[in-house]
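Single chain ahead, written as structure tokens, the form predicted alone.
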Amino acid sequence: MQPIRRLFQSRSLHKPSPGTAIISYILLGIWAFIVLFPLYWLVVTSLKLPIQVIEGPFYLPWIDFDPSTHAWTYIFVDVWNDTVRPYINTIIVAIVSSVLALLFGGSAAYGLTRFTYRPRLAAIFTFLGLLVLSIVAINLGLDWRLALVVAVAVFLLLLQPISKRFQRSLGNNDIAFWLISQRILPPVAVVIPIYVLFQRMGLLDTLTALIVTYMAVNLPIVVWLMRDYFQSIPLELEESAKVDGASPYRVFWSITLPLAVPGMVATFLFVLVFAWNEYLLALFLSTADAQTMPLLVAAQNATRGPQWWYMSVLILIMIIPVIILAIVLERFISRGLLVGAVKG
């Protein structure tokens, strides 16, 4: 019993005992195996012939089966044009929508942490009511330009007396919660109105529709994460720069923005992954010209059943860029993941 007890006795508060370290490494090894095995299975499946996949499972190349490049040749040679177009579409849509979401969401997050907003509930409901009336009037045949002018004029006339009559207002926290609540809403609840909107605008099956939609869907996540990160940056740094004569724009570009780089990189990668893997919205808004990789992967489930060998190749070439990007940006991500973890 004494040797076992010594095995689990730690000599330092900052260093685990040998027994604890052994158990920790065993558990981490098991967890690493569980996490990495699906990736290994993708690689193995992509090197199998269809008959080997059907008659399997075979686990070890050159032992259980002879590897084949049949699936890779089919994807990169036989149907190369049908593969490269969705791949390029995915890259363009994911990167552009993520950059725009970070630009607009980061600006909104900075405003919510550095400025005080007190929008009146009466003004908000008045605006929404006039918006609904304008849409109804346009559907009844009124010219949209005339409806817009009338709605703006009525809103400006009613804004001051209504705001004085009803004093209740919202705060920055209310605005932030309302923004994140839009992400809680499942996309399937709004995909039909979005589809009708882009259909009326003639933008179905275009990259523009996907970029705008992905940006709008991921904007609340950017605002929420970047808001916490901006709150972790000491306000005293900006106040000191203002005392030295720096303008608000100089303070933002020279002090706040460099300090927010880790949070921006981590947020960008999160949003990029969401946009990269988006399936439902792409399914409704695109057919052939704007098809993305998730749709191409799902298309491998043909009338003859799932083509697992082709699907594995497509999934591998789809996730490899994201993995490489995560490895390259790891030092920023590890700092950005601590957004809001420590607050003084």
Partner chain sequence: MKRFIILLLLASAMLGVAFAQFEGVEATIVTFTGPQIAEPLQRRSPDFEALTGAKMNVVTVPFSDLYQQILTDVATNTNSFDGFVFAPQWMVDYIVPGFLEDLTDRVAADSDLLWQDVAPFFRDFSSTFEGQIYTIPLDGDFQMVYYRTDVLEENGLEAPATWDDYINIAGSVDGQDMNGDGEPDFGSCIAKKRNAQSYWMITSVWGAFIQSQGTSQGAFFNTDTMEPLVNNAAFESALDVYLATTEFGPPDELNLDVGDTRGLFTSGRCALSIDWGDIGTLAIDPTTSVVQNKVGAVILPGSTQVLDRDTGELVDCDANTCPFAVNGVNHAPFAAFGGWSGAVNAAADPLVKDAVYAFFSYMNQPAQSNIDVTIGITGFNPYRVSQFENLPLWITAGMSREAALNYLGAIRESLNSPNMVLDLRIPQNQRYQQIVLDTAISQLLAGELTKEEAMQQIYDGWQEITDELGLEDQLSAYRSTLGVQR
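Residue numbers count along the first chain shown, from 1. These figures come from a predicted structure and were not determined experimentally.
The following text describes the form predicted together with its partner chain, which does not appear among the structures shown.
Taking a 4.5 Å heavy atom cutoff to its partner chain in the predicted bound form, the contact residue among Ile92, Val152, Leu133, Ile192 is Ile192.
In the predicted bound form, its partner chain sits within 4.5 Å of a heavy atom of Ser286. Mapping the unseen interface onto this chain, Ser68 falls outside it, with no heavy atom inside 4.5 Å of its partner chain in the predicted bound form. Using a 4.5 Å cutoff between non-hydrogen atoms, Leu60 does not count as a contact of its partner chain in the predicted bound form. Contact check for Tyr74: a heavy atom falls within 4.5 Å of its partner chain in the predicted bound form. Although its partner chain is omitted here, in the predicted bound form all of Gln199, Ala299 and Gln307 have a heavy atom within 4.5 Å of it. Residues Pro50, Ile51, Ile54, Glu55 are the members of 37 to 59 with a non-hydrogen atom no more than 4.5 angstroms from its partner chain in the predicted bound form.
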